[in-house]
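Starting off, we have a lone chain in the form predicted alone, written out as C-alpha cells.
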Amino acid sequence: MNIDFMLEYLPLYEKAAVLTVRIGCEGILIALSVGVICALIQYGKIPVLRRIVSVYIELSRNTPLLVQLFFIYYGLPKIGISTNAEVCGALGLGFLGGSYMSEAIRSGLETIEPIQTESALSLGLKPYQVMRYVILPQAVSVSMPAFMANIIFLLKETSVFSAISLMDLMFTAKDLIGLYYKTTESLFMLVVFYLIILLPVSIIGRIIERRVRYAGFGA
C-alpha cells in the first residue's frame, strides 16, 4: 500500500468523518425522540394514533434508507419543501431509526407487569410519576442492548449518504478511487475510520449496559 498517498489524504478522511459523525448524531437524536413518542403511544393503546404509528413503523422498516433519502431529497422539493443534503441525511436517518427505537423501547415497556403500575397508583403516585420512577427505569434496562445495537446500526447506515452527494466517508473513498485508482488504500482508510467511530460506541454501550443492570433497574 502507498503510505504517502494515505498520509496525503488523511485530512480529507478526517473532515469526512466529522461530517459523518455529526449527521449520524443528529439523526440518532431525531430517531430517539420519534421512538420514545411512538413507543408511548403504542404503550398507551390510543386506537387511532396507535394505528398511525403501526403504519409508520411498517413503512419505515420495510423500505431501504436509500429510497427514503431519495424521496426526501428529490421528492419533497416537487411539492415545495426544499432541503439540503445534510438535513436530508439527518431526517432520513431519523425516519428509519425512529421505528427501530420505538420497537426497542416498546419491548422494554411491555415487560413491566401491570401489577407494578396498579401498586404504584394505589400508593398515591400520579400517572406521570409511575412512568418516571417505576416503569421507565426498568424499561430502559431491558431496552438498552437493543438501543445500543440500533445506534451502531444507524451509524453504519450513514454509508449511503454518498448517494445524495454528501462528502461523508464513503463519498470520499469512492471519489479517491475514481480519481487515482488507489482502491486498496482508499478502502483501507474507510474501514479504519469506521472502526474509529464505531468501536468506542460499542465499548461504551457495553459499559452502560452493565452499569444499568448493576443499578438494579430490572434485568
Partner chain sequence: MPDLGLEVLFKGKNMIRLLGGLWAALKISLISVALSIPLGILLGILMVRKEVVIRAVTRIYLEFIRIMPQLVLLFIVFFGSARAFGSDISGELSSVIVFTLWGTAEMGDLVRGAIISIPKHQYESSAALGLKNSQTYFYIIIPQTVRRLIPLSVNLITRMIKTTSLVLMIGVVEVTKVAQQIIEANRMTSPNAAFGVYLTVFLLYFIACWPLSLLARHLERKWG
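Since the structure is predicted, the reported quantities are computational estimates derived from the model, not experimental observations. Residue numbers count along the first chain shown, from 1.
This next part talks about the form predicted in complex with its partner chain, which is not shown.
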{"item": "Its partner chain contact at S33 in the predicted complex, heavy atom, 4.5 Å", "value": "no"}
{"item": "Its partner chain contact at S159 in the predicted complex, heavy atom, 4.5 Å", "value": "yes"}
{"item": "Contact of A163 with its partner chain in the predicted complex (heavy atom, 4.5 Å)", "value": "yes"}
{"item": "Y100: touches its partner chain in the predicted complex, heavy atom cutoff 4.5 angstroms", "value": "yes"}
{"item": "Heavy atom distance at most 4.5 Å to its partner chain in the predicted complex, all of T63, L66 and I177", "value": "yes"}
{"item": "The single option of I208, L199, C25, L10 touching its partner chain in the predicted complex, heavy atom within 4.5 Å", "value": "L199"}
{"item": "Residues within stretch 68-84 having a non-hydrogen atom within 4.5 Å of its partner chain in the predicted complex", "value": "Q68, F70, F71, Y74, G75, L76, K78, I79"}
